[in-house]
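Shown here is one chain on its own, the form predicted on its own, set out as structure tokens.
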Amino acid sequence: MSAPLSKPQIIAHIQKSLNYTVFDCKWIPSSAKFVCLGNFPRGTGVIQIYEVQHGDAQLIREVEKPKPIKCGTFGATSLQQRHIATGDFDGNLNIWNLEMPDIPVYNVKAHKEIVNSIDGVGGLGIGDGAPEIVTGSRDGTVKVWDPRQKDSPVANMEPMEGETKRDCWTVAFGHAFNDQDRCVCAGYDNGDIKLFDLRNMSLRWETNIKNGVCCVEFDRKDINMNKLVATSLEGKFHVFDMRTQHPTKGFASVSEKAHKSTVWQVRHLPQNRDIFMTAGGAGNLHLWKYEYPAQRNKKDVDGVDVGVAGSVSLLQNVTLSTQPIASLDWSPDKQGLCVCSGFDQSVRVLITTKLNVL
């Protein structure tokens, strides 16, 4: 078999042009439907639901909302309910029943300013413990919410008195492998990455990658922390090995200059945690594989364990658009199926082949 065809191929299966700016898109779990979230030119928000059928995406529902919607997650809902939690430009956290999306089933004024990022855990059978939602905002705070508890967050990570408030661009859950343990990772506009331990309510680790952090994601939320990928403004991403934390050096990492422009998103393949896709500011997607080193830790001169980073290899890349690809979501049910949206006001359904043989 010829070498080019033995690599995974990224095929644009469906492309839909939209009449609004789309900020986020998510597959509805256990379905062939996906949700698009964004804002109309007139300054209102929109939720659209599409169904993939016969090689096309059919619009099956559209709801207009008062405020533009920035981000969404299904991470804290059950497979029976499949409610989506969204963050909007006014700082509101809403949870919607997509069967009856006119009024939210839960709403709270979560932040003073725009909710940039949202993530959920404890739902969909992923991650032990209570269902929780984390939001990160321009107001500099990261808050954790329990949808069963109204009005007040269960955790609030904000700058100390006198510290400058940094714009929080991205949040992600991880380490939720039993009822007690859970971590939140947050990335900020000045390059800070902070790892909050929700069990001890403490800052477990922080570092700075010298460029605004656009996206952070653990390879799995529901395991003992394994890897964390952080993407940044200048086209670089970093992969941290989260198994071994050195008292002074922290976690070992490898970085890669992936794109010539901002890396907006990273998403790990649900069926294989060592494969991930990055989405770039020039409208391109890069598919990567992480290779572990022979030994993941070693002793330093003082006999303390220190992590050893692996390497990343590029499997495939494709240019879909001239505008940034702002969001990307793998289907949890069909390996290789993904949906992505860009600032060219379009949403695309992609098929990535040969992921089962990597």
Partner chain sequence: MSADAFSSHQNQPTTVDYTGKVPVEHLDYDYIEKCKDVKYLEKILRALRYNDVVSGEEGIYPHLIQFCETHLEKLDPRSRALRKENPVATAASLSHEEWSQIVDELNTWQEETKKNEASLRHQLTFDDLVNENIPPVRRSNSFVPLSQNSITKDRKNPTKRALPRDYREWDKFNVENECELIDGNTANNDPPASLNTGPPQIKTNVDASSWSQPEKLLLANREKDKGNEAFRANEYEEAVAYYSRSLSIAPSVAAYNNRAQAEIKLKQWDKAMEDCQKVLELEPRNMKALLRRATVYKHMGNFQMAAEDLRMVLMEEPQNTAATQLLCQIESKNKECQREGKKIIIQEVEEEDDSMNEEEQTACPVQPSQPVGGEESSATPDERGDMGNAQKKPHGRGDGGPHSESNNSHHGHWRSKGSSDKYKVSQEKVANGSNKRGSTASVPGDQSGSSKPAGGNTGETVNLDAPCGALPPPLSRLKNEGNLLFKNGQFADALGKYSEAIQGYTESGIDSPDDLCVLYSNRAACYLKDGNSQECIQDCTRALELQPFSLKPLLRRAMAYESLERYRKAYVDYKTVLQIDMSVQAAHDSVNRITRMLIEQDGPDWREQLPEIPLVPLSAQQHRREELPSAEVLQARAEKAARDAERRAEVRFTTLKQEGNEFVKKGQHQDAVGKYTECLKLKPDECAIYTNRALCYLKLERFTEAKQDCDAALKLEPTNKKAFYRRAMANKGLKDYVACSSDLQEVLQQDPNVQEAEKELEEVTVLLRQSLADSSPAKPRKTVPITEVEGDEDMTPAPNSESSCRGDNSTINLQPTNAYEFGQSLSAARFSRNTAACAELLASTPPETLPEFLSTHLDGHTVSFIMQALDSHLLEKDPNLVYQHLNHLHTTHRFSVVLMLLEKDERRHMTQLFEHLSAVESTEFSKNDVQNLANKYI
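Positions refer to the first chain, counted from 1. None of these values were measured; they are calculated from a predicted model.
There is another form of the same protein, the form predicted together with its partner chain; it is not shown, and what comes next is about it.
- In the predicted bound form, its partner chain stays beyond 4.5 Å of every heavy atom belonging to Ile47.
- Interface membership of Asn19, defined by any non-hydrogen atom within 4.5 Å of its partner chain in the predicted bound form, is ruled out.
- Among heavy atoms of Glu234, none comes within 4.5 Å of its partner chain in the predicted bound form.
- For Ala309, no non-hydrogen atom is located within 4.5 Å of its partner chain in the predicted bound form, even though that partner is not displayed.
- For the candidate set Arg199, Lys210, Lys249, Lys112, a heavy atom within 4.5 Å of its partner chain in the predicted bound form is found for exactly one residue, namely Arg199.
- Considering its partner chain in the predicted bound form, the lone stretch of 67-75, 87-95, 102-110, 214-222 in range is 214-222 [heavy atom distance within 4.5 Å].
- Applying a 4.5 Å heavy atom cutoff to its partner chain in the predicted bound form picks out Arg148, Gln149, Ser152, Pro153, Val154, Ala155, Asn156, Met157, Glu158, Pro159, Met160, Glu163, His175, Phe177, Asn178, Asp179, Asp181, Arg182 from 147-182, in order along the sequence.
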